[in-house]
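Below you'll find only one chain, the form predicted alone, shown as C-alpha cells.
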Amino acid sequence: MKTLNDFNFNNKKALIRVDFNVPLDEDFNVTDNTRIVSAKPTIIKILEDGGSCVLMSHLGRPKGVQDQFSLKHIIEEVSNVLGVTVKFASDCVGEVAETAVAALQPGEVLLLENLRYYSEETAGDEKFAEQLSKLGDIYVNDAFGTAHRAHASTTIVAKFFPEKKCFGYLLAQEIESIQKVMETGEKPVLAVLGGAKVSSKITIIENILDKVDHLIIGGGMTFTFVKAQGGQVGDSICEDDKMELALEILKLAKEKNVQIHIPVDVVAANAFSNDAETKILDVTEIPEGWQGLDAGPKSIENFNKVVLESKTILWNGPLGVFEMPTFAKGTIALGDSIAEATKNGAFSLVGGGDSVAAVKQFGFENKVSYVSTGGGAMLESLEGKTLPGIAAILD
C-alpha cells in the first residue's frame, strides 16, 4: 500500500483529492471543519518536503454552476486550519486551472473550484480525468468519504499516474482501522450495530459474522428481532417483512459461535416526543400505544459487560433516539463503556453518520481510537466491498 511516506515531494506538485464537502450556514461560514482538519497532516507533509498542493473537492450537489456551492466560500477556513494562505482557481480544469497551477511555488496551496460543476466528474469521464491529471506530478487520494464512488477525481484520474499515486494519511488510516476490525484485530471482537432498520445493515451483518465474537443489536432494529421471536413490540418501529431474515441471522450466528446481544428492556414512550410519558418495559412486552425509543437500564448493564471484555470494537449506529435527551441515555452509556474499554487498551472504531454525530455531540471523539470520516464508504467497506477509490491506488 503506497502512502505519502513512499514519496519525496520536493519541487513536486501534488494533486490531492480531499473531501471538503463541509456544512455551511446561510452566511457561508463553515459550521464543522472536521474534514478540513483531517486533511491537514497530508498537506503539511507535502509542504514540508518542499512541494506544493493542488486541492480538488466537491461541495454539495450543484446542478451546473451555482454560486452557493462554490468552494471560494471555504478558502478562509482552509487557510486558518492550515496556517497557510490558500490560493483559489475559479475553475477545476482548462486554462484557468492550468495557469494557476503553473504559477504555484513550493510551499503554496491552491484550491480548485467545485468538481461537481461538471457532470463529467460524477460520470467518471475519462477525458475530464485526463484534464485533471495535468494539474499535478503525483496523485494523492485522501478522501475516504468519496472512495466508494467511481468518479473522475477519485478513481479514473489515478490511471494517468501509473507509478506516481498514493494514499494520503487520512485514507491510509481509514483503511488500517477497518482492517483492524475485519482482519487483524485482537479477540474478542465486538460489533455494535444500531440504527432504525435491519434492511440497511443486512449485508454488514452477513459479512461480519465471520469476523466477530459478539454482536450487539440496538436501536430500532431490535424490534424486528424481538417480534420475529414472538415478542410484543407495540408501536415500535419494526420491519415485518424482515422478520424471517432476523431469524436466519440468529441461526447463522449460532452456527458461527457468535453471541448476539439484544436489549432485554427499553425506555418506552406513548408518543415520539421528548416530552412523552415514559416507562421502563420488558422488550418483549410493549403494549399497543407504546414504542421503545432507547435501551433500558438492564440492557445498558449487560452491554457494558460485553464491551469491557472486548479487545476490538466497531460501533455503527446509536442505541436509541439520541437526538432527544430523554432517549439518549443508552447511547451515552455505550459511549462511556467504549471509552473505558479503549482506555484499558481496546481498539475502537466508530463509523457511520449517526454514531459519528453522537460521538461528537457527547464528547467521545478523543476517547475512542478512531472516528471514521466516511459514512457510505465505511458501510461499504464493512460489507466487504472493495471501494473503487482504494482499488485505483492499489492497481
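Since this is a predicted model, take the numbers as computed values, not measurements. Start at 1 with the first residue shown and count on from there.
Beyond what is shown, the protein has a form predicted in complex with a small molecule; the following relates to that form.
*Of the options V233, L293, V192, I249, which one has a non-hydrogen atom that comes within 4.5 Å of the small molecule in the model of the complex?*
The option sitting close enough to the partner is L293.
*Quick one: from F225, F167, F322, F303, grab the residue that has a heavy atom within 4.5 Å of the small molecule in the model of the complex.*
Answer to the contact question: F322.
*Can any non-hydrogen atom of K201 be found within 4.5 angstroms of the small molecule in the model of the complex?*
Yes, K201 lies within 4.5 Å of the small molecule in the model of the complex.
*State yes or no: in the model of the complex, is some non-hydrogen atom of L110 no more than 4.5 angstroms from a non-hydrogen atom of the small molecule?*
L110 lies outside the contact set for the small molecule.
*Going by a heavy atom distance of 4.5 Å, is G124 a contact of the small molecule in the model of the complex?*
No, G124 sits far enough from the small molecule in the model of the complex that none of its heavy atoms falls within 4.5 Å.
*Would G185 show up as a contact with the small molecule in the model of the complex if we use heavy atoms at 4.5 Å?*
Because no heavy atom of G185 falls inside 4.5 Å of the small molecule in the model of the complex, the answer is no.
*Would you mind picking out the stretch of 212-220, 74-82, 241-249, 130-138 that comes within 4.5 angstroms of the small molecule in the model of the complex, counting non-hydrogen atoms?*
The contacting stretch is 212-220.
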